[in-house]
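Taking the form predicted on its own, here's one chain by itself in structure tokens.
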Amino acid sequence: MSHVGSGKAASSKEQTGLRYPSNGKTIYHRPLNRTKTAELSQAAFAYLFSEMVIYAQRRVTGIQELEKRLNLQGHPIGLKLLDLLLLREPPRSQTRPLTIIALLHFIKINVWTHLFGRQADRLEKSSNPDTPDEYMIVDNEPLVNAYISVPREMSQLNCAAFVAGIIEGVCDGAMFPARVTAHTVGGKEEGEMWPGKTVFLVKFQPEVLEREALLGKG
């Protein structure tokens, strides 16, 4: 009797802890959507995002406050998205970005592809010597603005502030604190190729540049 009992105890002890499947993929690799394409329909996304904008618009006094609320909605998503995307990388490449350029390329390629199914269109560094802390991620056609009808009196509103919040969350999660804002640079003139073009201005905190300079010297 004692021999059988000890065997059961040993068996239960071996089964404790986190179990990994034989193919190496954990629950974090599984898409939330179980359809064949594993993608969210744009109609569903448009409805959900429009409701988020309406919710953020309540009790705001101006466009800047509305964009700030959208930014705050996106920030926690960016914090969690960074860990999720790193966990989905092969074990040898599960390394957090260690430089500004590596982080921005991660956002331009990995983050954009995960969210929108494609890379961002361009990544630039400010050419102004007075703003070495500023970088720009360019999206010619932000998906979040595709189904938003902005009233004339709010023509300066850019709902891509939500995406700016996601970028800011990724930067903060990677220990590269930054302030990210969304700016419409496309014109509405006839023949304009990208009338909704948006620039995400990433402005890093001074301590990030100081650390970057020390790494460069090393």
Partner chain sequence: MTIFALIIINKAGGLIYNRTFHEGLNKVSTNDLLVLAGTFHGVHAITARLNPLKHLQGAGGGPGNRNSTSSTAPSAHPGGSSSNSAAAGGGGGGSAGSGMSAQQLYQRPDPPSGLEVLETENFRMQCFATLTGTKFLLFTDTTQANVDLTMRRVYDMYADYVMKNPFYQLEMPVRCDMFDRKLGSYIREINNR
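Positions refer to the first chain, counted from 1. This one's a predicted model, so the numbers in the text were calculated from it and none came from an experiment.
What comes next is about the form predicted in complex with its partner chain, which is not displayed.
Contact annotation for the candidate site: S149, M154 and L157 all lie close to its partner chain in the predicted complex (heavy atom within 4.5 Å). Residues with any non-hydrogen atom within 4.5 angstroms of its partner chain in the predicted complex fall in just one of 120-128, 139-147, 81-89, 98-106: 139-147. Although the partner is absent here, A46 is a contact residue: one of its heavy atoms lies within 4.5 angstroms of its partner chain in the predicted complex. In the predicted complex, A174 stays away from its partner chain, with no heavy atom inside 4.5 Å. Using a 4.5 angstroms threshold between heavy atoms, V53 counts as touching its partner chain in the predicted complex. Contact check for Q64: every heavy atom lies farther than 4.5 Å from its partner chain in the predicted complex. In the predicted complex, not one residue of 77-97 has a heavy atom within 4.5 Å of its partner chain.
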